[in-house]
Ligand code: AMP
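The form predicted alone is given below as one chain in structure tokens.
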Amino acid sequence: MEFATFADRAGTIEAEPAALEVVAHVRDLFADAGSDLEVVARFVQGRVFPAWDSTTLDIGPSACYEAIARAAGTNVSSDDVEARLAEVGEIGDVAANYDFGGQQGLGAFTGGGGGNGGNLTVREVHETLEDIAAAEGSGSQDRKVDLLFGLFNRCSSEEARYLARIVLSEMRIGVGEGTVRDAIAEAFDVPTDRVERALQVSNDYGQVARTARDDGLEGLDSTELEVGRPVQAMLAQTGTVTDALEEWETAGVEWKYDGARIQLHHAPNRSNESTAETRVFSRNMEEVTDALPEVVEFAAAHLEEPAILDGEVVAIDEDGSPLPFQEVLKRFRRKHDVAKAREDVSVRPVFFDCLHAGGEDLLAEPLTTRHDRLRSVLVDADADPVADDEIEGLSLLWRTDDPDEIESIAAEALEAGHEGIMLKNPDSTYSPGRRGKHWRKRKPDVETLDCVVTGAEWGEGRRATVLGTFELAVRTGDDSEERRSAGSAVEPQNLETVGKVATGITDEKLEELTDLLEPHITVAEGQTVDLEPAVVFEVGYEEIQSSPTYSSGYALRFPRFVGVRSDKSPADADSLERLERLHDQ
């Protein structure tokens, strides 16, 4: 498929206001995609690689602006592109305003032929983006810009619009995961629920689209989990003991750990243990194996069969007592000096679910069955009988219909230094990526909020070089699983402000936060900056008040900074619906 055809179809989809018609347009696009179906199914969502693949282009906005400027002509600079972006507000519209093609030199080796005659194909775009992602080492950033310049140099205005959006993962045409799921089902005449299951298992929309087309229902039903390929984590919502027991009669109860979510994939080699493949992924499916050698060592010591386990990694002190979540983050994203970081902060894994074991997928099994399988995975088959609380790495699961017993378990969790408890439906299956009513988290006292940072202010005096006050916002929309079909991006217009936070932040932390947020500045006016929605803060507060000051209609009273939730994307931040619920309570 020519990239111009893809861009034309994307424009049609973007202009369509009706959701059902959007699905129909995507369906027709898939039906016509031919050998490029896998790539098209990702591109239409603004993805270059499968959802489970942590590979990135590693090319930021400034590099993209430079490539656009070079392709636009000698009289255009990256500063000009950025200035126009501040006026227009969206990089695709900025790119489409330039007349590309005709630049000589490095663009030629990509097959340059001018903006209207390059005959750029979807396959060529994808292969070049793969080359950009693979570039590393000395001079790699210049190489990335050269390759991207070569693509823009062959683009028409409309092609440039969607190329820029794909590069920066900002497709903005109203196509989310649910749209792609429904379009696959319609394009290749297969049931939506079977497409949904294959997507949950594979986490690869391109692969599922090809499978549905080439192998039909039989191919979809044979799609299985694969050790080493992460799936989205099942999520919980806030709930009460009363609600849980009314709905389920009997509840599964676990301690809620103040750690970071991990998914462990382990494939032992029985003939040579040193060649066992162990990979660890974060909640967002980013690989964090190198940062967490303790988890790798745990797998080598305790797992004798292929397994995919869901759990948390918790920071601990010398006595084994849990430390706050912020200590975990000191290890979780560490790429260098891991040995030194390990000396400073120790971690241990705790697992509460088993998604796959010994070649058998367990997503469709009830929670109780999965937990029993987890126990058997972690226990030496030849060992003497052992109690659950003696099994290293196993999160205990109580099953009870007694509210008083649940309260006792919660008190024990808090006394042990943990956050609270999880309430789970014992009969529930594992639904990747869904935040349903089958898992509920219950914490004591007032909840903290996970807020998107949408703006900031430069400090004064000795803090003049750092951002010191941060504007906070929550998502509009609800907490249902349907809203996740819109993908991981959150548009600024879908965020409502709830206040500002400047309390609880040390000078050292302000420097770290400034380094983190500066690349996301979109507009700077005097002391104030606007930020693209990219970073999530956990914020404590004393009360939620009605207030006309902020666009949400609410304000946080005495907000305090708790930490950066680097394990969460803006799509996982708290919603206005939850804010209203907490206010009413």
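A quick note: this is a predicted structure, and the numbers were derived from the prediction, not measured. Note that residue numbering follows the sequence shown and begins at 1.
There is also a form predicted in complex with this ligand; it is not shown, and the following applies to it.
Of the candidates Y205, F149, F470, W255, W255 is the one whose heavy atoms come within 4.5 Å of this ligand in the predicted bound form; the others do not. The contact residue chosen from F100, F332, Y162, W439 relative to this ligand in the predicted bound form is W439, the criterion being a non-hydrogen atom within 4.5 angstroms. Using a 4.5 Å cutoff between non-hydrogen atoms, R261 counts as a contact of this ligand in the predicted bound form. Although the partner is absent here, Q232 is not a contact residue: none of its heavy atoms lies within 4.5 angstroms of this ligand in the predicted bound form. Taking the partner from the other structure, this ligand in the predicted bound form has a heavy atom within 4.5 Å of a heavy atom of E312. Not displayed here, this ligand is approached by S395 to within 4.5 Å at the level of heavy atoms in the predicted bound form. Considering this ligand in the predicted bound form, the lone stretch of 417 to 425, 67 to 75, 186 to 194, 83 to 91 in range is 417 to 425 [heavy atom distance within 4.5 Å]. Residues of 353 to 377 are not found to place any heavy atom within 4.5 Å of this ligand in the predicted bound form.
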